[in-house]
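Shown below, as structure tokens, is a lone chain in the form predicted alone; questions about how it binds or moves come after it.
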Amino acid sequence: MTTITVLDSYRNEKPYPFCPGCGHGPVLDKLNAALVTLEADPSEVVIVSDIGCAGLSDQYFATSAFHGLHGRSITYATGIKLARPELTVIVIMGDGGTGIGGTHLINAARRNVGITVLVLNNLNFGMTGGQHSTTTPEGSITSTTPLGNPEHPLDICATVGVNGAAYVYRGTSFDDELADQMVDAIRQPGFALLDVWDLCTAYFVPKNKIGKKGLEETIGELGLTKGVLYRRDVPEYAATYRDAAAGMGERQPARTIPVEFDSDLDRTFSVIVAGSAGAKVRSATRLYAEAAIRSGLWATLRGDYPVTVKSGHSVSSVVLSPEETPLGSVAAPDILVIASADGLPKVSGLLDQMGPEGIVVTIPEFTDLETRAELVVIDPAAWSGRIPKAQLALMLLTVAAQLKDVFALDALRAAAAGPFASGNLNAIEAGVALASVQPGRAPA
């Protein structure tokens, strides 16, 4: 049986550290009243605080808490809510944090993540000297705008509202109904935000000669309104995500690769394949690695390709070993396969490092390569069938697999099974046939 703890007050006995007259304290008192009304179990409530004066808030509540980087509190809260959707997650941040973390604010709203954000909006950076923030009204005096703020302020409520927030409220720390609005916001499924304007008595009030009445007047002068501005019954993100995942059925078990063949390899052995992006260089190398695994070897892969994915180079390396071996850089591979002009510049330096015991397998375009390794030139045109560009790397790897007998070709055929088996097996059989002829094999 689960026991729920309900407190008469969620505030501890520590006095607030805020300046005399600061509006943050009354806002936190109303949050305390809201939690009492909700009869929230403190073990099921997480207050996520930002940097700044508002970021001091979490330590005064008997709940769980998380304190992170400036402007990032919403991202932390999102992670907590996704991991533990049953929790009540409340963000306390200042107007400075909403500006610094504006992208996080917008994306949490449009996703409708089920967190409640309290913005303690005192219209400046109150902790660091009273600099202007994204919500500082035009014309306001701050330490960084001594002649008056020339910037138009950010409308936090409109920003999250137009991007899909479920509940949006604007008010001030003086509003009697603020605690009730917090209750509504926390109960609302989805993303809820309360933009609570309050007074920074250390900086903004002295410089702008503003009080409660002036705060209300400023809201009106900016063409803004108070109250609940948006309320939508829209699906909450975490619930929607879990429903979608449940609809996918049970997670498929991890694929295991059986060991069906033997290998006589007694040392570390490396292969590098260099070709064109989009030409299945990585796929061919993966099949080679899987064939090694099916032969009882350890295999580690590394790929290098540009962000364009379908153009430029693609270089893959595989290191095989009879024992588990971390993948490091390959100084001089046992086998180097060069399948195109795109890949050649990326591996040309290896040609000088390879010794007579190494093999370079390539196509007629690169017959004149200079290397101490054995150069094996394979002409795809000598094959009776057609070898598409996407099968060239695997065909050349098959030739290499026969020249350096690391595992049985049947292991490679077994690895080639699957949705692309027909093309893969075609490439393998072409490689088998061309390796037996080797019309362009040049001795070292």
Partner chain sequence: MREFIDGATAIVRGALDAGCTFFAGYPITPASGILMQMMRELPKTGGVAVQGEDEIASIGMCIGATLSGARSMTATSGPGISLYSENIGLAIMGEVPLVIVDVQRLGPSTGAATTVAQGDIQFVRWGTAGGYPIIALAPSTLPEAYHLTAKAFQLAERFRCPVFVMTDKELAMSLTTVDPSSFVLPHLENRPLAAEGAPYRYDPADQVFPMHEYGRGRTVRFTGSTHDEDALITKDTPTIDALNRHLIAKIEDHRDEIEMVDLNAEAGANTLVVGYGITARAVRNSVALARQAGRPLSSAIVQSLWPIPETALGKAFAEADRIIVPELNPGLYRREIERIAGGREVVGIERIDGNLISAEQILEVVG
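This structure is a prediction, so every number in the text was calculated from the model and none was measured. What we label the rigid core is the largest C-alpha set whose atoms superpose within 1.5 Å from one form to the other. Residue numbers count along the first chain shown, from 1.
The same protein also has a form predicted in complex with the partner chain, omitted here; what follows describes it.
Participant: Where does the partner chain sit in the predicted complex: which of 213 to 221, 140 to 148, 243 to 251, 193 to 201, heavy atoms within 4.5 Å?
Facilitator: It is the stretch 243 to 251.
Participant: Is there a heavy atom of Ala299 lying 4.5 Å or less from a heavy atom of the partner chain in the predicted complex?
Facilitator: Yes - in the predicted complex, heavy atoms of Ala299 and the partner chain come within 4.5 Å of each other.
Participant: Asn32: heavy atom within 4.5 Å of the partner chain in the predicted complex?
Facilitator: No, no contact at 4.5 Å.
Participant: If we define contact as a non-hydrogen atom of the residue within 4.5 angstroms of the partner, is Gln59 a contact of the partner chain in the predicted complex?
Facilitator: Yes, Gln59 sits close enough to the partner chain in the predicted complex that at least one of its heavy atoms falls within 4.5 Å.
Participant: With a 4.5 Å heavy atom cut-off, would you call Arg282 a contact of the partner chain in the predicted complex?
Facilitator: The answer is yes: Arg282 has a heavy atom within 4.5 Å of the partner chain.
Participant: Heavy atom within 4.5 Å of the partner chain in the predicted complex: which of Asn112, Ser173, Thr78, Thr362 fits that? Just give me the one.
Facilitator: Checked against the cut-off, the match is Thr78.
Participant: Select from the listed residues Val228, Ala332, Val162, Leu82 the one whose heavy atoms reach within 4.5 Å of the partner chain in the predicted complex.
Facilitator: So the residue touching the partner chain in the predicted complex, by this definition, is Leu82.
Participant: Using the arrangement in the predicted complex, list in sequence order the residues of 37 to 67 with any heavy atom within 4.5 angstroms of the partner chain.
Facilitator: In sequence order, Pro42, Ser43, Glu44, Val46, Leu56, Asp58, Gln59, Ala62, Thr63, Ser64, Ala65, Phe66, His67 come within 4.5 Å of the partner.
Participant: Quick one: once the rigid core is lined up, does Tyr288 have its C-alpha move by 2 Å or more between this form and the one not shown?
Facilitator: Yes; that C-alpha moves by at least 2 Å between this form and the one not shown.
Participant: Just checking, between this form and the one not shown and with the core aligned, does Tyr237 shift 2 Å or more at the CA?
Facilitator: Not so; Tyr237 is displaced by less than 2 Å.
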